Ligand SMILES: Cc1cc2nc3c(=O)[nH]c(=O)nc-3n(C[C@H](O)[C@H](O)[C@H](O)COP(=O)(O)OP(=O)(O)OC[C@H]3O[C@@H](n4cnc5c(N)ncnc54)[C@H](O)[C@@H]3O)c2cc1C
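As structure tokens, one chain now follows by itself in the form predicted on its own.
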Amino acid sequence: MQISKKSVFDIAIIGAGINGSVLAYFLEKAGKKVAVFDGGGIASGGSGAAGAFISPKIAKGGDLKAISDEAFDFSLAFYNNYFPEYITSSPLLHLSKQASENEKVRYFKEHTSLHVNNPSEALMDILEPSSKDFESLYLEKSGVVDAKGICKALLSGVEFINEEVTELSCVVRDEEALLGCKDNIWHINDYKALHVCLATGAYKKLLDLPYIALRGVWGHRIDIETSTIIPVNIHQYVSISATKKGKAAIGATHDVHFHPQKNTQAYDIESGRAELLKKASQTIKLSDLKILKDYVGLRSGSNDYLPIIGSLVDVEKTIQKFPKILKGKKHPREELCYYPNLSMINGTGGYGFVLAPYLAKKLTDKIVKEKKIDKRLEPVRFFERWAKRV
């Protein structure tokens, strides 16, 4: 749809994966006029290929575990309360992949605030014998989300523009005086917005942000039909969903080397599918197996494994203002130069559907209510490291 020159969106979100979709949902509910751009369509990348399991991170501790625990509770409630038709609730059986992980699983069981138990003998009996050699835990509350379905539902009240963004630039207010706007204006192709949020994952960058440290991880999911009754979601070598009407899903972020914009050869779907089935068979026997559909896409994680939300540093202006920053001189974050009204939500990796609602609500509160974001998650942390190295 062509927008007139006098029409300006409050927020333009670039990327219609789970991060961009749920951010658009919260911003629209906050009364903002929102547009979401994606040339591939809704959930066309890594989000559409995700298993979309809503489960906690099994770890001993650390910042990511603490954030993931909060996000797990928030997001499970969010999906169940507002989009119950898009989540299938099932318990979770988590098993160590190898003996060296047993201690981590035991520690999690002993120190988590979540209600976990040891699985029953009857449940363990459905597994392949070798799986029983490892530590396990049983979580009553868990679920699987319909990846594409939830993204489309989240965007049902939002303007979706099915275009690849090729132009992204900010124009100062004087040049846009005729629009009557009191702020800078972002140009997104032929459209305009007061604020832009980047939710593009590990795909092509639209701005020169050399400090943002992202890693793409190729994801593959297959939907299957089987006569095997799987009563719970299972996480071990891969993630396997509980069967519903004889159907289940198997998925993993199992290829850290393939990138669709860097590799010269296309991804071998048959080989990837064979690997998923091989790993799944190490946990449970799938009888009368039939492949229904493959989904593939690039998931985006940060190099320090923590998600990324918040404002983005303007490298050129910051170096002009503080040239000695490249020689190791430190400056408070609030004194650095940032792009006006530009935010990012990224780096959620294999926990995208767990982290996205929690992070999007926090970014919405920052944009709408000017609430501060946890310093551990701000993109500026990467600028500080990058400047020190350069």
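For every residue, the number given is its place in the sequence shown, counted from 1. All figures in this text were calculated on a predicted structure; none of them were measured in a lab.
There is also a form predicted together with the named molecule; it is not shown, and the following applies to it.
Of the residues 199, 248, 71, 309, just one reaches the named molecule in the predicted complex with a heavy atom at 4.5 Å or closer; this is 199. Checked against the named molecule in the predicted complex, the candidates 298, 193, 286, 116 yield a single residue with a heavy atom inside 4.5 Å, and that residue is 298.
In short, of 219 to 227, 86 to 94, 133 to 141, 263 to 271 it is 219 to 227 that has heavy atoms within 4.5 Å of the named molecule in the predicted complex. Taking the partner from the other structure, the named molecule in the predicted complex has a heavy atom within 4.5 Å of a heavy atom of residue 16. The shortest heavy atom separation between residue 203 and the named molecule in the predicted complex is within 4.5 Å. Contact check for residue 358: every heavy atom lies farther than 4.5 Å from the named molecule in the predicted complex.
In the predicted complex, the named molecule lies farther than 4.5 Å from every heavy atom of residue 125. For the stretch 44 to 65, the set of residues having any non-hydrogen atom within 4.5 angstroms of the named molecule in the predicted complex comprises 44, 45, 46, 47, 49, 50, 51, 52, 53, in sequence order.
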